[in-house]
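Before any questions on how it binds or moves, here is one chain, the form predicted on its own, in structure tokens.
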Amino acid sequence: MKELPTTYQANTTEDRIYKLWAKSGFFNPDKLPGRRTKPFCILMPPPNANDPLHIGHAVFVTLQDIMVRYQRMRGKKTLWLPGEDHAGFETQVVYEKKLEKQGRSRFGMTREQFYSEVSEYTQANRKTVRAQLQKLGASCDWSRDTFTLDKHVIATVYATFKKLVEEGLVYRGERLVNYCTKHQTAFSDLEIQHETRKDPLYYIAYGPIQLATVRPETKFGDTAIAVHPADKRYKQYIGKEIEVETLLGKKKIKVVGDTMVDPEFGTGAVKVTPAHDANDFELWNKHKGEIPDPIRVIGKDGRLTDVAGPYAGLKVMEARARVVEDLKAKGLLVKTDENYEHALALCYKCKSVIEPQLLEQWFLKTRPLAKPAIKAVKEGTTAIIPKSYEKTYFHWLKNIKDWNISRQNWWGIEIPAWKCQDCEEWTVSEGKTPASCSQCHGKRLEQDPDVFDTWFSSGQWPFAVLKFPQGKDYKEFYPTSVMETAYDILFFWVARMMMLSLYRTGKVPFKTIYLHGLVRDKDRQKMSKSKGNVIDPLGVLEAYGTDALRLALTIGNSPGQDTVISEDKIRGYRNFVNKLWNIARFVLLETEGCKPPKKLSLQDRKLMGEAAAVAEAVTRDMELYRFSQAVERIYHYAWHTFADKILEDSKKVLKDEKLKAGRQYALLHILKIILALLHPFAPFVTEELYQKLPRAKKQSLLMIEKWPV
């Protein structure tokens, strides 16, 4: 046998080994050898097809590949189905930034042109993402690679929407929604960030009543004054109209009593502006008929509308400054509290202040869908790891509100709904333009220009990607085995997959939910470009090899807990990979040309028994998703027991001709166990070393070798 080099060369090995795996066809469950009757399936959370992978992606790839490689070696029919996400709003923002650098804007393009350019951009990025996933060792079935805009996925989304509409679970209504005036789209409540800020609180005279507000520029949309019904200061005014002086002249405004009002806030009296505040909108709904309908003061462009008179066309902050100045001049500004602390809703992407808008949108009634999703986890049909996240899951689903699934983006899945210009009613189809209106049979139909919230379509990923209801994969692999993802999208995605999958299929989408934490630097700081502490996974792979990165991301990584990563940690596990290489190098040199022993000594049998016990302990860890403990157990056994003790002791034994053959056999046997146990975590170096072992089957691969238990 040709002697191994003294150090492991990841750069010259990994691509070759990956090609070996790919050529075998064993990523495809239908091509795995042997009779495999038990299925195991993981659906990859599809990375956004708008940018290269980051270190967070490396975490999920590592953890999912560990599970898949382990179950494949356990003899299961294993499918890891990869995909990429069109990521509607996210991708649109990324592409608009590129246009901005070119001095262009989507508003200077046709919608078709913009869609075409983004489509071309995402398809190019899909290839990049796939290559990066392969560099990380992802053993997924590329023949099943799916994009969230593939025809069968869209067809499933349309069928779900139509069913929801027909069963009264989706409705179109005019409601106050979160709106970003920069990106000009609505958002659900989950996509809003809240930030505490200090702003002036303005006390304004409204006739005989003083009230406090942080938003004087919206006063042109005031339709009432609200006070607590038990507040003695205002009891004489409740239910009556009072005359007030405004910047646009005198007007009459009604005072209503409602327990929503906090008598301790400001003066205990608040202005009601239902077109621009969620609480005010709710209050208006309770007092409909008693107070006027909402008046829009701020348009979708973030500027004041014509109802603001001379202030029309001003941006919000410009208008606020002008209004405050004019209130002072008119003697209507009583006082100002400059340090009022309050929570502001922000666009999670651009951090612009959300300007609520009264818009007609499609809303999903989530409560009926939430009940089965709660029941499935309570009864143990689906388990959440770690279990502590069950409480969070239940809390969110029990307090869930109707979900706005409309977005005003140009990139995404168009909503298959058409408004009849004759009767104003909506007709929903499964994608094709209806021949006529379902209500009046008129033919003047106009499609809704909005697209679905990406989370609505990706919430159907488990059954859509497996081609529900007739697909072979759906019949064989659904419900899937594990959904492995980050804990921060438990609400955004996981809970919604539970709701929509149970609704469409009647079954849970996965049996286990495994939540990993976020990646933090050595100082436990969240990684971000602005902090300059982001680790580029591809750069690390070039320097230290994929196996070192995977080990660093696994050891110390407990479910639901943030994991710390640093270049020093990765470098340390590169040293372990080299140690493993040298262990194997020594064993292979000392066992070259060895023959099966006639008899094993008691000590050799003991050593092999100890290795088997380690394998059993590792297997228990793997079955309980304790991946960090499993690989640490192998690490310590390989380095501190096998290398430091067994190999050192064996140097003497190998010089004894009577004991030599038995010890050679034992060393090879134990090495093979170590390589097999370590393979899910460090697949490249273990496969390379396995290929150097003396074996009966020369064409075999470690990735399909039987697990050593």
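The structure displayed is predicted, hence computed values, not measured ones. The numbering used is simple: start at 1 and walk along the sequence shown.
Not pictured, yet referred to below: the form predicted together with the RNA.
The listed set Glu325, Glu424, Glu167, Glu282 contains one residue whose heavy atoms approach the RNA in the predicted bound form to within 4.5 Å, identified as Glu282. Shown without its partner, this chain lists Thr336, Ser436, Ser558, Ser352 as candidates; in the predicted bound form, only Ser558 has a non-hydrogen atom within 4.5 angstroms of the RNA. Though the partner is left out of this view, His342 does reach within 4.5 Å of the RNA in the predicted bound form, counting heavy atoms only. None of the heavy atoms of Asp141 is located within 4.5 Å of the RNA in the predicted bound form.
Contact annotation: Tyr637 falls outside 4.5 Å of the RNA in the predicted bound form, judged by heavy atom distances. Val270 belongs to the set of residues with a heavy atom inside 4.5 Å of the RNA in the predicted bound form. Looking at 368-376, 415-423, 342-350, 149-157, the stretch with residues near the RNA in the predicted bound form, meaning non-hydrogen atoms within 4.5 angstroms, turns out to be 342-350.
Using a 4.5 Å heavy atom cutoff, Ser388, Ile583 and Ser628 all lie near the RNA in the predicted bound form. Counting a residue when any of its non-hydrogen atoms is within 4.5 Å of the RNA in the predicted bound form, the hits in 565-586 run Asp568, Lys569, Gly572, Tyr573, Arg574, Asn575, Asn578, Lys579, Asn582, Ile583, Arg585, Phe586.
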